[in-house]
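Next up: just one chain, as structure tokens, the form predicted alone.
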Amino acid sequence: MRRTAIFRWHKAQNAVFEPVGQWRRAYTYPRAGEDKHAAINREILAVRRKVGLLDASTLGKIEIKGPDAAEFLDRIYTNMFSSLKVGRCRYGLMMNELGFLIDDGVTVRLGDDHFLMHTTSGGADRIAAWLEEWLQTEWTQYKVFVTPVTEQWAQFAIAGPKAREVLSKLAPDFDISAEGFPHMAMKEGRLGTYPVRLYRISFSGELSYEVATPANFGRSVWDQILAAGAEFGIEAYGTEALHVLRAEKGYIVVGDETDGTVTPFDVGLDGLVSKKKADFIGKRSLEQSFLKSAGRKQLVGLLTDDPKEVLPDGAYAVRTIKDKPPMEMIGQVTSTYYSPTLDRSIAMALIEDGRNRMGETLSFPLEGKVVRARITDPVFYDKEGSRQNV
């Protein structure tokens, strides 16, 4: 079992833990008299209205260094990384040879020949091995070193409208203004006496910074962030609040919105598949007729007719309701939550030809009842991105 540098703090706050890969992550922090649902809703609203702090240390981190690092990443990711400027971040998608999504994350260019790849928490070891396999068996000409560094860094997200004010109280030795530190930029420097890498990236849709510091400084930096944020009402939030926040924004999670048979096109991320690159892993497979055929399942949003009704994970949408099974399935729920921000249930689903069915109402037969939900855009909140670009 793997624990982050903040594990003891989480335990002292009576956190409910969940396994993520081999890690134990704080799922939520119930207070006296709160059940799990009340605690999760409080944490979500703290991020939306004030500022929240998340232990994101389990995020996979892989340093990729060498004269061929940029070209190597161009082959690994569906989108272009050789054009990324030093000090900037870019979200990338990774496919296998069959054209199916296997991981995603933000990669940062630290130098001309030096990148830091972030992967999913559960996928870090698998992706590091995947990179090595290609270097050692297929592209042996590349001069690239791959070094997993997940456990060497503690990493925390400061997210919410007050995030910049909290950060300014930590005495950064670099410019953190909106102009000096735009969205998807990174800085290397110090917060007070502590060395940090700071990324302005957001998985919540709010103004957000991720602070990375060597793991042995992690607890001290965490405590200082909490002290600096006290006057703004900062609250720690767990993984479930994070998942609701990202679902409100329509952000995918590999393993939830994907199941090993899903392409970037299926989840509406066509723009992240390069049309300029000569080749990348899975490119040829995307040209197969069955991966381009009409009627494939596509990612959509769902709003239930009854806003208080939360669809179960994995619930099947059927073409026609019958008195008893079998019924023809046309898709399934991939993520489903109650959103305190919107005061209603929201869900994401993979539905046959979903993007051409906007506004259509689907039926989900459950035990003893049928729930009806309308197909919508999967972005439920702040589609323009005005809250993170401030």
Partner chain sequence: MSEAQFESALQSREGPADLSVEIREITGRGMIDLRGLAGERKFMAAVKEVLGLDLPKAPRTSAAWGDIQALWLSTDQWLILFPRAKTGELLSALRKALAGIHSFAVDVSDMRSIIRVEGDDARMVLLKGSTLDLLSPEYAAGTVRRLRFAEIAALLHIVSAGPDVIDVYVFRSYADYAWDWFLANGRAVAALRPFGRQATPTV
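Positions refer to the first chain, counted from 1. All figures in this text were calculated on a predicted structure; none of them were measured in a lab.
In what follows, reference is made to the form predicted in complex with its partner chain, a form of this protein that is not presented.
The contact with its partner chain in the predicted complex, taken as any heavy atom within 4.5 Å, belongs to H114 out of H114, H183, R126, K283. Residue in contact with its partner chain in the predicted complex (any heavy atom within 4.5 Å), chosen from I102, L84, L170, I201: L170. Contact with its partner chain, judged by heavy atoms within 4.5 Å in the predicted complex, is confined among 267-275, 70-78, 292-300, 140-148 to 140-148. Residues A5, E63 and Q152 are all found to lie within 4.5 Å of its partner chain in the predicted complex, as judged by heavy atom distances. Taking the partner from the other structure, its partner chain in the predicted complex has no heavy atom within 4.5 Å of any heavy atom of F380. The closest non-hydrogen atom of L226 lies beyond 4.5 Å of its partner chain in the predicted complex.
Proximity of W130 to its partner chain in the predicted complex: non-hydrogen atoms within 4.5 Å are absent; the residue sits far from the partner. Interface residue remark: R219 is counted as part of the site for its partner chain in the predicted complex, having a heavy atom within 4.5 Å. Taking a 4.5 Å heavy atom cutoff to its partner chain in the predicted complex, the contacting residues in 183-216 are L191, G192, T193, Y194, P214, A215, N216.
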